[in-house]
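To begin, one chain is listed below as structure tokens, in the form predicted on its own.
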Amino acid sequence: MTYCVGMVLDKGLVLMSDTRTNSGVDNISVFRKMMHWEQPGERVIAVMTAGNLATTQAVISQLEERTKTPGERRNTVYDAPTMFQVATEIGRLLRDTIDERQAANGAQGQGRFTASMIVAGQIKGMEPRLFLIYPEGNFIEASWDTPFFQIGETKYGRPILIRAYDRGMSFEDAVKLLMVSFDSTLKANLSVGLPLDMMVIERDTFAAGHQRRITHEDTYFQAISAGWSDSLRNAFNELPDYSFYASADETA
């Protein structure tokens, strides 16, 4: 399992992913799930992945044209004229890769090779865009009504995003919000784990700006985790007390 979030702000895009992969509690490893490509001054495109690791890596390899000789390799995300077409191509590759692996493994392969992806970025002359790509290859785009996407283990970190997200917030506040969301998920599910990868893509810079790997030793993340736990306990203690002996009107 994994957890990845992509968020649209007025200022640009903020992305965060964990790095844990596992095949049981005795086989846990770290693997990067956030990739990006840049053409300075022209485009920046990032992809985050969740699901079967072999499937997602096969898709990334195809994007990077690794079947060609080194001198002929060219990432196909550099050729697409719009972010919509980037998402379309990645969706096609994901669907075809899943279909091929499931077909090769017969009935035993059904449901074992599924994956989903978040695609984010900006191409010169266009707006920053964010897409959620499903295993079937179709996708949806972030909007005012749906300004962020999650993939993987989504339920534990979602409530704080819904309550605190503001499209006009600063990058710094967005990073803090994502850290709280990830901390909540880490506390509730052992299949999501540190280190975390974070990236900020500022509008019209066409570059992956602020990047950071958040490890167990990260003092800021430790402060966020401890502070959020303390704040929740304090907020709970400040709520009105319930009484078994009060009337219905008094407890309502």
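We number the residues from 1 along the sequence you see. Remember, predicted model here, so these are calculated numbers, not experimental data. So that the term is clear: the rigid core is the largest set of C-alpha atoms that superpose within 1.5 Å between two forms.
The form predicted in complex with a further copy of the same chain exists for this protein as well; it is not shown, and the discussion that follows is about that form.
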Problem set entry | Stretch in contact in the model of the complex with a further copy of the same chain, which is absent here, among 149-157, 135-143, 120-128, 85-93 (heavy atoms within 4.5 Å) | 149-157
Problem set entry | Contact test in the model of the complex: A104 vs a further copy of the same chain, heavy atoms, 4.5 Å | no
Problem set entry | Contact test in the model of the complex: A223 vs a further copy of the same chain, heavy atoms, 4.5 Å | yes
Exercise. Taking heavy atoms and a 4.5 Å cut-off, does E172 contact a further copy of the same chain in the model of the complex?
Worked result: yes
Exercise. A80 near a further copy of the same chain in the model of the complex, any heavy atom under 4.5 Å?
Worked result: no
For this session: Check each residue of 218-233 against a further copy of the same chain in the model of the complex and list those with a heavy atom within 4.5 Å, in sequence order.
Result: D218, Y220, A223, I224, S225, G227, W228, S229, S231, L232, R233
Exercise. Relative to the superposed rigid core, does the CA atom of E238 travel 2 Å or more between this form and the one not shown?
Worked result: yes
